[in-house]
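In structure tokens, one chain follows: the form predicted on its own.
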């Protein structure tokens, strides 16, 4: 370890120090202020003469008389199975008045990339109990499926519902051991949001199988850059060393990216799109790509990052880059929310790219894919008819067009709408889908097999609609 008292400049969350030899990139630093306080930081940039350090706890109180000690190691997370049930701050320190953590080992928070050859393709259906996800945008184990939301929308309620209800029905039926853990990483959320999450975790007993990392809005922004890495390092230990199926919820990725922009501005980097660093795509990929399964390993990591789109703009760099890296998105819609639909997920712009591999015979039901495609097509046509009604009025539409209008309304009220405390099994979700498809003439069902129509289609529902 080497100690210096050669601070030359303090800029935002950064401290610049003169050194007489090169210092390792990402090396951990301790800074002791004149009044005896100790701050931790990390080397961002290093030359033979100067080092740039990002300070996790903020630079207030640091001056040129402060001493800087380079510890000669990168930042590590103390991991142990006893972390389950604990609440930590954004730097990994316990804040739940519990005992000190006695780790099994300490792991580098950057982690190691999973060898693509060793990856096992995700194809195990995860039942979230949310019809609009299970039925039309299916989540599979080892997938990274973000929630695209916006300010003021109930994305937190949806994430909590998924965390409470997620299960793998196939393994439960076979009696296999399905140890399940939730890693919750909060970045820059408000105290109100934090209390909401903690109240739900404690009320439902989910805290016993969860590890919570909490970086609040009034905590240092630079701390947000390490919070998700601490969470994912813990997830990797539980998944690949202890055999847990781990669900990682990261919120809010937008706050994380704002921290990257703040650090980039302090370093006077040339900005990219809308002022964000040009390396933001690479940085986000380093987080998202830590989800997955490994051949021969029993555990898995499934990620649900949450991001709030600034100005509801899905073309904003944060959701845009996230969409390139992840395997789809769940879109929370402001219009559905204003109608009181819970959860207000719009299935049309939502997507799960791995859905086809996680559904069907032996996984869910043989008719799952056809029902999903037919519901999607029918709802899309119903939405088109709604636009047409605004121009010509409903009286000018044909009987067929009115059928699709009725279908769209019933689809939102019966399939999408279910509340945040209702847990639907996949069979119930698909049965509701068939009830809705039976509102349409049988001749319109061109995306499902004839055998499935014969088994599930209900002629009496169509007759009732025709009578009305």
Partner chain sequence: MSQATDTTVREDGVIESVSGPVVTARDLDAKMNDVVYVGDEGLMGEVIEIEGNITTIQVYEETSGVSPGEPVESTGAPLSVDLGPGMLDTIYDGVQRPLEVLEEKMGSAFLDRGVDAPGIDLGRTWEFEPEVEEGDDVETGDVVGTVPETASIDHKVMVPPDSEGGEVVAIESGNFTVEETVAELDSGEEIQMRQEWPVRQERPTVDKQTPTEPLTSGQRILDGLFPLAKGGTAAIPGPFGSGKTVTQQSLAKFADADIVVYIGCGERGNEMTEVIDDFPELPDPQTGNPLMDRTCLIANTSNMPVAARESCVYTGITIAEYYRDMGYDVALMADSTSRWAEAMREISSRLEEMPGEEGYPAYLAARLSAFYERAGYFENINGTEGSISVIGAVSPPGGDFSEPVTQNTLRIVKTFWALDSDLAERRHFPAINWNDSYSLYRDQLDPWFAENVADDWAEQRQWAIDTLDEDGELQEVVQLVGKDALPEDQQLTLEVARYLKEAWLQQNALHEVDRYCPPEKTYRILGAIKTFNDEAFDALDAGVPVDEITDIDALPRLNRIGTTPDDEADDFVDDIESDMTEQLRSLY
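Positions refer to the first chain, counted from 1. Quantities reported herein were computed from a predicted structural model and do not represent experimental measurements.
Separately, the form predicted in complex with the partner chain exists; it is not shown, and the next lines address it.
In the predicted bound form, the residue from 26, 63, 413, 425 that sits within 4.5 Å of the partner chain by heavy atoms: Checked against the cut-off, the match is 26.
Proximity to the partner chain in the predicted bound form, single hit among 124, 289, 200, 219 (heavy atom within 4.5 Å): Of the candidates 124, 289, 200, 219, 289 is the one lying within 4.5 Å of the partner chain in the predicted bound form.
Report yes if any heavy atom of residue 45 sits within 4.5 Å of a heavy atom of the partner chain in the predicted bound form; otherwise report no. Yes, residue 45 lies within 4.5 Å of the partner chain in the predicted bound form.
Would you check, heavy atoms only and a 4.5 Å threshold, whether residue 279 touches the partner chain in the predicted bound form? Yes.
Looking at the partner-bound form in the predicted bound form, is residue 129 within 4.5 Å of the partner chain by any heavy atom? Residue 129: no contact with the partner chain in the predicted bound form.
Flag residue 456 as yes or no: does it have a non-hydrogen atom within 4.5 angstroms of any non-hydrogen atom of the partner chain in the predicted bound form? No - in the predicted bound form, heavy atoms of residue 456 and the partner chain never come within 4.5 Å of each other.
Just to confirm the contact call: exactly one of 98 to 106, 210 to 218, 191 to 199, 344 to 352 touches the partner chain in the predicted bound form at a 4.5 Å heavy atom cutoff, so which is it? Comparing against the partner chain in the predicted bound form, the contact stretch is 344 to 352.
So which bits of 89 to 128 sit within 4.5 Å of the partner chain in the predicted bound form, heavy atoms only? Residues within 4.5 Å: 110, 112, 113, 114, 115, 116, 117, 118, 119, 120, 121, 122.
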